[in-house]
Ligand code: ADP
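Consider the single chain below, provided in structure tokens and representing the form predicted alone.
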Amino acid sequence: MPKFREAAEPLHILLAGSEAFPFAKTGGLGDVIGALPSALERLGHQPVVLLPAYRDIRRCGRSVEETGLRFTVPIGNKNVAGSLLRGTLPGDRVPIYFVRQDEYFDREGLYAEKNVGYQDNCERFAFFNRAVIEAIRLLDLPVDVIHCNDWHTGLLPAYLKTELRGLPRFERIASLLTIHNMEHQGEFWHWDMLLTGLDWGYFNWRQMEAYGKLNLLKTGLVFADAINTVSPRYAQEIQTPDFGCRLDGVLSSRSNDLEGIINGVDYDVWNPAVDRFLPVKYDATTVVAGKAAAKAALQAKLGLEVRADVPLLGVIGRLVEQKGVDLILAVMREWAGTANPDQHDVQWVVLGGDGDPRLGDELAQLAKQHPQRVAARIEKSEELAHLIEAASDMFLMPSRFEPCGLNQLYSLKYGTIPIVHSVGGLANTVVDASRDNLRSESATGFSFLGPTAARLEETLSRACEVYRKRPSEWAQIQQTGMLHDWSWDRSARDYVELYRRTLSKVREPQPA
């Protein structure tokens, strides 16, 4: 891809999505929309964020105020009223507007309750997409690029290319759709097409229909001016049947408009040198003492035996098979029941919120059976997540697929060696500790191919051997990972280049 020279004229970017930390978050999507805009602002651009006004925004501790702006949009055969609230992202330099419609968004969950999706999700997010268009009008926002995220904003590119085509305010706006996870596509029964307000003619296999259903992710993929996903490897993988979740054909047809950009880390939040949740702050020069203090604190907090010598293995994330939790459980069951000091003498710490209750029950049972070896917390805790990242010697991510992954990037910064299945963003960010990579001092973790418990166990044994018997190599891996730059400033520069290329498709004559 050609590189664009940074112009003096700033870009006006509207980032629309369903999550943004600290206002509302269930996963990595919330971290991205919570951090990327601030990095864009630091580069001299002018981002604005649009988010639904969930119940969660009243719990996050950030100030949110009324704008006095109200609107009504058609949804199916009715008109639905809404209003706009205003706040700022942390740092108070990037404005964020919230679409308020309490019947749709004042709920306990963002998309579901008790793992059951809301039946009116199509209606809720069709309204949100319409509201984003109204916000541009009401706020008189200058917009060069609408940055859409996942299926929740998949209708925006379609509205730009259909209803809004040729209108003065909208004809020069480009759209970029970022795929954060192909597994979530916004599939609804065909009659929900009426809720979008778009002509039935678009409900066909080339545009909005997929396997008999309305598919809002496919809609965005077809109508967006450009598409990206959150790692170069995942951009390749989703064009194959194994990872494309039945939309690989659509993605392959747009391969010239598809690329991958690795997510970043907000080092104002995820950085052991400034982390307010740690007993002792540290950096690459003080990592040994800092991690020892965090490890002792975590062991004591969770009731594990306080030992400096035992490898502490951390796991944080949704308790689902996609994340390889079943593989971790298989190794835990075998290792926790033995006292082999050469290999299996390790401690496990798991923090998991949403997911499969069965996996949560199994983890809780293991922790009950082996309280000195296993600690499991089936909850969400920002404080505990930070402490686990700092205290752990290794962090396990044996995901079956992983679009980007953020915890392995946090782990690298915290001097916690990641153990990963080499797919998606994990393959792009973790360099295996092979003999050649150790010699070249490029290794940052341990990786394996093939999502099986046997491969995970083999790789974990290899990592434990280095930890116990080759401390100088362990320190080298640790230092290499800590000194790598995975900041949002790096990612933001790549996004600016992508925004400019996308904008040129709309504003510059294209060859036939």
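Residues carry their position along the shown sequence, with the first being 1. If you're wondering where the values come from, they're calculated on a predicted model, not measured in any experiment.
One more form of this protein, predicted in complex with adenosine-5'-diphosphate (ADP), exists but is not displayed; see below.
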* Asked: Contact between residue 382 and adenosine-5'-diphosphate (ADP) in the predicted complex at 4.5 Å, heavy atoms?
  -> yes
* **is_contact(residue 368, adenosine-5'-diphosphate (ADP)) in the predicted complex, heavy atom dist at most 4.5 Å** => no
* **Exercise: residue 500 in contact with adenosine-5'-diphosphate (ADP) in the predicted complex, heavy atom 4.5 Å** => no
* To do: Answer for residue 323 alone: is it within 4.5 Å of adenosine-5'-diphosphate (ADP) in the predicted complex, judged on heavy atom distances?
  => yes
* Structure fact -> adenosine-5'-diphosphate (ADP) in the predicted complex has a heavy atom of only one listed residue within 4.5 Å, and of 358, 318, 78, 254 that residue is 318
* Asked: Considering adenosine-5'-diphosphate (ADP) in the predicted complex, which of 47, 34, 52, 28 comes within 4.5 Å of it through any heavy atom?
  -> 28
* Using a 4.5 Å heavy atom cut-off, indicate which stretch of 189-197, 347-355, 106-114, 203-211 touches adenosine-5'-diphosphate (ADP) in the predicted complex. => 347-355
* in the predicted complex: members of 38-59 within 4.5 Å of adenosine-5'-diphosphate (ADP), any heavy atom -> none
